[in-house]
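We begin with a single chain expressed as structure tokens, specifically the form predicted on its own.
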């Protein structure tokens, strides 16, 4: 049989292939030749054939038939054969195949070989693909080599020990004696691998972490090594861009971070060296920036001094000015993590962060937007909203929904005045009306209704905003509603805040009729416009006949919803005209009821009741009271009691009967369809905290007053964190901001967070910023909870989480009992 071609010739031949089919033909031909050689037990060219097989494996072709040949090469006495055999074993074998167990004896013999390079091959292979059985059998040999004086073997043995610990954690204590002298080694390779080994041990075992903190005094040793690195002169062997062994420095900083976390003594011991690294590291090259970034992470993770934390945040602020986009992105992400704990220090870099909103990179823009919203407080609300509204006007469509939600939440929380609040939300609707959440329209309507002194100003602003432009449907819906409610104020020109405009009744009706016939108007918008026209029949005096004509026209509309409204309104004009003014009178001030996904959290005296959302038309038939307390049943507990539903206000029997007859006997009250009888109404006193939930005054501190945040839930990649604020005006009120993040590789959709508290508390749940938790921790959902705790009792909360993930619906319950004392005392 002729000698097989060499590896170099095979590579050259394969590269000449013009098509994939031609390459596949060459590979198949060569594989056939290699198989024939293997069958003939050709020892002369086995090494060459396995090398060619590995190249084919790298190209993606099957090479499993060479596994046993790799074992034969490992058993050979020649170093060149062992080298290819071990390389083949690492590429072609893993612990899922039983063949790898046949290597155990060969590796054991080679670990005790007289040649260090053979021992190194065996260590590399065991550290790469050793199974738990192999690790148990060979851990003793690895531990012996870890104590040898040969630095070449020690560094490989340390990395092999890391793999052994990962596979068999209970063998960790075997390597503990060998770690005592590892950090006294002068060789940087041994130091590097030793730090990796110590890091693995500390991360996997709290007992080991405590041992290294107290008994081994590991922190002073690491501080000494790090100090020598940053103070040493030029060393060509370890120098990278003018910095001595940055890889070792980064590894040491990561280990210091683990050792200093939640430990005062260890943190104090490393404060000085961290300050030295932060101030002495050169930032002109990327190598220095990498070390500074690890230093910042370590400072923020340990119990460091406040001055050191400010220094770390200033470093991140300098990163924001770097030309490298990756460095800017890293800085924004890090600042986003620290903004809750070091709010004032991050605020100093607010202008730089806002400038990042103009960056061309979409990832940087998203991070800058999230950080900008985190920096908003009562002091800077006007300036920050100006920048964010400008960003909303010019950003890409994928940002508009999240940006609009953030502006709504910030405006609700920190609005300096009701006029500013209304103007801001109207500006959002004008700019990005098509991207806002569904609850934006009712929320703005509620805000306008409750701002009695702003009615004339608001209706005039909205009238001018929709003149000739119906593209932003939510804005048109709000405008139609306001014109229907306050059209008389618009026509009379009672606006005091700005110069009133002269509008006639016919001009107002022209606008609403054009909304009805516009191609851009949705069915919902037309419903708003028709209802507004109907309301104006009691507010206008000269155009009632025109209104009757418009309403009668839509009685034959192909839109069923619009047709039903028109028929009912026609009936009001014809049969029940004496009731029309009472039915269409101005809406009273609305009480704040916040929604969260599919349920509303209704607040009563010390009790939390989730009730099904009301929809149009109201459900007929009595509502079972058990449905109203589903969440409480799920959450359990004797101290959370169900609520007694408030009885509806009774109306005169004649008017009520006529109205029911008009609407086709739809049971509006949930009681049997008979003339309602007066029912006792429970006297439920609502404290000002809930009744005044829409107050636009800045009620809460913009700094968390030193209240530490907590992790309320962490499971299956979903993490819920609570941060706290206390009210300036009412010390019994705690504002909890939840942040939900997702570390998995897929988004979590339809996310709903629900909460319940004991009956001595009151809870108000505001709307979430989104219903999608992005994957890979690339964003968070925020939601605000307000808790009234008049008796200053220890706060407890039960939470229910529902979401869809990887195609399946997930649901979980949890109890949160670890609230910091500052949040409720």
Partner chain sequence: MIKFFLMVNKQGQTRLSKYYEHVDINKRTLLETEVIKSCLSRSNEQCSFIEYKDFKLIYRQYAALFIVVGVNDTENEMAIYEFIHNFVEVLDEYFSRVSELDVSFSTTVLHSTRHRVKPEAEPIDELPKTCSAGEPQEACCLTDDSFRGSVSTPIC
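Whichever C-alpha set is largest while still superposing within 1.5 Å between the two forms counts as the rigid core. Positions refer to the first chain, counted from 1. Keep in mind that what you see is a predicted model, and the values were worked out from it rather than measured.
Separately, the form predicted in complex with the partner chain exists; it is not shown, and the next lines address it.
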### Query
Thinking of the partner chain in the predicted complex, which stretch from 372 to 380, 301 to 309, 207 to 215, 354 to 362 has heavy atoms inside 4.5 Å of it?
354 to 362
#### Entry: Contact label in the predicted complex: residue 186 to the partner chain, heavy atom within 4.5 Å
no
### Message
At 4.5 Å between heavy atoms, is residue 237 in contact with the partner chain in the predicted complex?
### Response
yes
### Message
If we define contact as a non-hydrogen atom of the residue within 4.5 angstroms of the partner, is residue 489 a contact of the partner chain in the predicted complex?
### Response
no
### Query
Is residue 94 close to the partner chain in the predicted complex, meaning a heavy atom pair under 4.5 Å apart or at it?
yes
### Task
Go through 171, 454, 287, 465 and name the one with a heavy atom inside 4.5 Å of the partner chain in the predicted complex.
287
### Message
Can you pick out, from 743, 326, 714, 279, the residue that has a heavy atom within 4.5 Å of the partner chain in the predicted complex?
### Response
326
### Task
Enumerate the residues of 186 to 214 that have a non-hydrogen atom within 4.5 Å of the partner chain in the predicted complex, in sequence order, or give none.
192, 193, 196
### Task
Please check if residue 203 moves between this form and the one not shown, taking a CA shift of 2 Å or more relative to the superposed core as movement.
no
### Query
Taking the rigid core as reference, does residue 402 move its C-alpha 2 Å or further between this form and the one not shown?
yes
